Ligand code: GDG
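A single chain, nothing else alongside it, follows as structure tokens in the form predicted on its own.
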Amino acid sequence: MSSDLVIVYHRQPYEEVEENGKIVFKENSSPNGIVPTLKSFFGGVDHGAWVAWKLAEDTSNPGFEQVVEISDSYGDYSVSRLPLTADQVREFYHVTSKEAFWPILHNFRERYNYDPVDWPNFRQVNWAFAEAAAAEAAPGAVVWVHDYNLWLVPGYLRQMRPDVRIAFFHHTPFPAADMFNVLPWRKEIVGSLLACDVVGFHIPRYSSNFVSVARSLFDVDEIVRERVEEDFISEGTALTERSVPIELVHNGRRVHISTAPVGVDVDYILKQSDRPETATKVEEIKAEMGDRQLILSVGRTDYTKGGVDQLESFGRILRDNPDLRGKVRLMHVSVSANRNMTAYAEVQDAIEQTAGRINGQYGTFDWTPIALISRAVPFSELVAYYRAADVAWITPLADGMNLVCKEYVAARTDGDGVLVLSEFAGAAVEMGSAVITNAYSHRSMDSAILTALRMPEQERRQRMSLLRNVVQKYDIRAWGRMQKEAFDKAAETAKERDASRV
């Protein structure tokens, strides 16, 4: 059955598990996150489709159904599963996407590695995604492609199916031309994105950067800009913009530029926060802490997250403020990345060594300064720590958005707590009421955490109230509505274009 909406994303939209010797598809255990939000769009169409990949030893005989029909609480939809070998996945995702694209997207030029990239493989995988989307799409359907590892899909799809409307959403930062144009495939990538009807980004800075890159590589006309809404102007933060591009024209095609920050499922987090089990866990945490203050840091083990820099800051705080020794604990959750990737293994080792050194230098028999967690914490448990933490310390060196800071705020139904947030996280342009810090500055980092620990209750509550208003206003459903508005604008443009040809 052809589909009115085709979502192209690398992950399958369910959990595939074996029960009693049979493979069954279960809805994601947590409704919080981007996948359930994307699936919610299927409720507005007669039939939808999802394109993802699945590991296979032999792509010509994968040993599984390549198209399956799913019926769940989000509706009826097809899932096309592209068989990829382990080598294809490694080259496409772990090498090209993570070693070449990822550092450039996050402005870590020194970590960029061009040599091992198998560009023909990247093209081949993107072509396969485009073919699957073309096969599923009904005439005039919307095909919605997600993230940088599928950069070439729009261009291929436009060749195959000029009738469909193509949208692309970028979940990472998008750098300025001086950085992006380090990539030798820059023109092929941006040319593909300019084949879209809608290209979406989290914040105005990334939209502006994309247009500047496009202008550096192509003749781009009729750039339309508008004033950024006051909600996204946070004075003194590095990523704030005053105006944002909303349209451009390339080769006679009008491309809509959508700017919409991804939010969190506030309703779900509130339910988790208000569970009796959560309240019990919060009391247990507070009882264990006693009169000590708890700082919580949550992130992936990735050099962009600044985990080592944060730990070093905590060490300086303990060195320079002896009165805090024994009075504060940092719970540092850094979920281990793929140890087979050298860059991430090095970061994990550095985090463990730094935490061990600080604990050895300042710890006592009854006090360990840093509790280092290197495993994924179940979300229900994490919400309890959000509720119990006096401070959430979220200081990436670069981050497209960062949802942990929004989860922390949404969970604080008590209206208390302090958020310390790096100005280099996309979320900072919305969350100016946090204690904003420069994650590259020792003085700024140290000062911010001391300010948070010593902040009077009235100020804590004033800041948290403002933060909660923002997080609730721009939740995941608001992001979905903004995407729908962008699709509708693209549809109107297509109608006008078709009418002018008659």
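In this text, residue numbers run from 1 along the sequence as written. Keep in mind the model is a prediction, meaning the values are calculated, not measured.
If you look for the form predicted in complex with this ligand, you will not find it shown, but the lines that follow are about it.
- The candidate spot formed by V262, V333 and N402 is fully in contact with this ligand in the predicted complex: every one of the three has a heavy atom within 4.5 Å.
- You can rule out all but one of 314-322, 153-161, 294-302, 356-364: in the predicted complex, only 294-302 has residues with a heavy atom within 4.5 Å of this ligand.
- Remark: H202 counts among the residues lining this ligand in the predicted complex, judged by a heavy atom distance of 4.5 Å or less.
- Interface membership of A86, defined by any non-hydrogen atom within 4.5 Å of this ligand in the predicted complex, is ruled out.
- Contact annotation for P184: none of its heavy atoms lies within 4.5 Å of this ligand in the predicted complex.
- For R375, a non-hydrogen atom is located within 4.5 Å of this ligand in the predicted complex, even though that partner is not displayed.
- Interface residue among E430, D197, E136, E407, judged by heavy atoms within 4.5 Å of this ligand in the predicted complex: E407.
- With the partner omitted from this view, the residue of Y385, F180, Y344, W102 that lies near this ligand in the predicted complex is W102 [heavy atom within 4.5 Å].
- In this stretch, 143-177, the one residue having a heavy atom within 4.5 Å of this ligand in the predicted complex is H171; the partner itself is omitted from this view.
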